[in-house]
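Consider the single chain below, provided in structure tokens and representing the form predicted on its own.
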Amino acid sequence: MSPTESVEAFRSRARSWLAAAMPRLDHDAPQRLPGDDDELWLRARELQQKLYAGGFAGICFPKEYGGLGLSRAHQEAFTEESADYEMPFLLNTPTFSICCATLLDLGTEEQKRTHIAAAIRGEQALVQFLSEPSGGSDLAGLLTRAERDGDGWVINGAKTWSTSAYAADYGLCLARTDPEQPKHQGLTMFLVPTKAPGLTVNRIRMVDGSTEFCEEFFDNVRVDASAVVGRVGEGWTVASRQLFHERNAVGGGSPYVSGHGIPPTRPVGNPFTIARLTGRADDPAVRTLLGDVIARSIVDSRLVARVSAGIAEGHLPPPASSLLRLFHAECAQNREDIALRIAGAGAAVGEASGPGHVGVAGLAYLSRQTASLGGGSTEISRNIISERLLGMPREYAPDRGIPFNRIKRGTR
């Protein structure tokens, strides 16, 4: 590979390599039912190792951290060429597009060289330990605490809704280190091994049968001082950058991914497949619904391109990623709604896998609201757009500026 290799030359080389080295997707294969997906994680790591061995892993990450140091245009060319092949989508979010991207921005040199490089080689997966059982959307109100113990820290508390924590090696964990400070201060981000003594990870079974979300309990979990990401007491700065990358990833705007696709751990109602399976593809009313899906998809892709370019070139501030995250949620929910309408009664009584799997529309509908919650709720995204993009007044917060240990909780 030449350091100045053009996008078209890179595309041509990727096309040849993909055809020779990567397994093709079987578009007619039935969707996997949600549940036990350990083998899918092993497969994702194998595929990532293939990408690395072939010289196509970490396209937009810097060379010094194991990547190729190429542009977003190179990544997009590879994404287009890889559309018909198996890709390690499970590692896209949160490992590459959120955690590695955050370490790239604010991690130490050792953290970048160790963890980003290991992830690119397919040897490490990273997750987020952010949400808490009592926190809701108020991330800054977290209760998990970390206290100094000699040269290290001891963490106690609980996290929840951590995507794929059971399959990860490390988690970015936000903890309170100074309760005398207001809630957005006195926080510190730690990079915690998921197998550390005292850390318990439980999987959560969702209404659609999936088990990708987890809850974690920290019972005197000890980490070294080198586990701190960013500066002690400035964890909100790290978390804010992490949330930017999360909104960008959920909205489809991250350049740090191995192709665009939906992980096989989650059922998705494909309106086009459902229309074909139900024999309704020629129904004018159904075709109107399918046209709606296509139109929104085109708008979504153009919005991603425009906002991503605006942020990269400085025409738009990073909070503009909330536009992507919000519209992506609306597109995803609209797709599931239309799949359900086309499937009709088959959504409730049809098979969810195998021939005639229209039942997947009903299964996917059960978790349609996930699109409005992942990456922060849509209400948070609307607040960010109104306050940080449109300059509208900040929402009233009675606990603003008050030391965290003086804030009353559990009272009305």
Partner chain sequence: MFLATAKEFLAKEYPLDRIRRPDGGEFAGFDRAWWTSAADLGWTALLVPEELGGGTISDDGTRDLALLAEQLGAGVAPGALLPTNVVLAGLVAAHGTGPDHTDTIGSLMSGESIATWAVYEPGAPWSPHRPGVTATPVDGGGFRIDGTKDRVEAASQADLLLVTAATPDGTVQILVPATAEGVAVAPQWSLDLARAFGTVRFDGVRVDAGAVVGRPGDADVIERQLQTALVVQCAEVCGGLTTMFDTTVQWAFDRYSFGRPIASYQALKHRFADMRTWLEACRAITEAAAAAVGQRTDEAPQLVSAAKVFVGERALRILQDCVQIHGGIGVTWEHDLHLFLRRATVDQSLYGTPDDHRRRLADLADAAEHAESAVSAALREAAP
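Residue numbers count along the first chain shown, from 1. Source: prediction; values computed, not measured.
There is another form of this protein, the form predicted in complex with its partner chain, and it is not shown here; the text below is about that form.
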Legend entry - Non-hydrogen atom contact Ile385 with its partner chain in the predicted bound form at 4.5 angstroms: yes
Legend entry - Contact flag, Leu323 vs its partner chain in the predicted bound form, heavy atom cut 4.5 Å: yes
Inset, instruction - Please run the contact check for Val293 against its partner chain in the predicted bound form: heavy atoms, 4.5 angstroms, yes or no? - result: yes
Inset, instruction - Considering only heavy atoms, tell me if Arg335 and its partner chain come within 4.5 Å of each other in the predicted bound form. - result: yes
Inset, instruction - With its partner chain left out here, work out from 95-103, 293-301, 150-158, 189-197 which stretch has heavy atoms within 4.5 Å of it in the predicted bound form. - result: 293-301
Inset, instruction - Select from the listed residues Pro271, Gly171, Pro267, Gly230 the one whose heavy atoms reach within 4.5 Å of its partner chain in the predicted bound form. - result: Pro271
Legend entry - Option touching its partner chain, based on a heavy atom within 4.5 Å in the predicted bound form, out of Ile120, Val307, Leu126, Val238: Val307
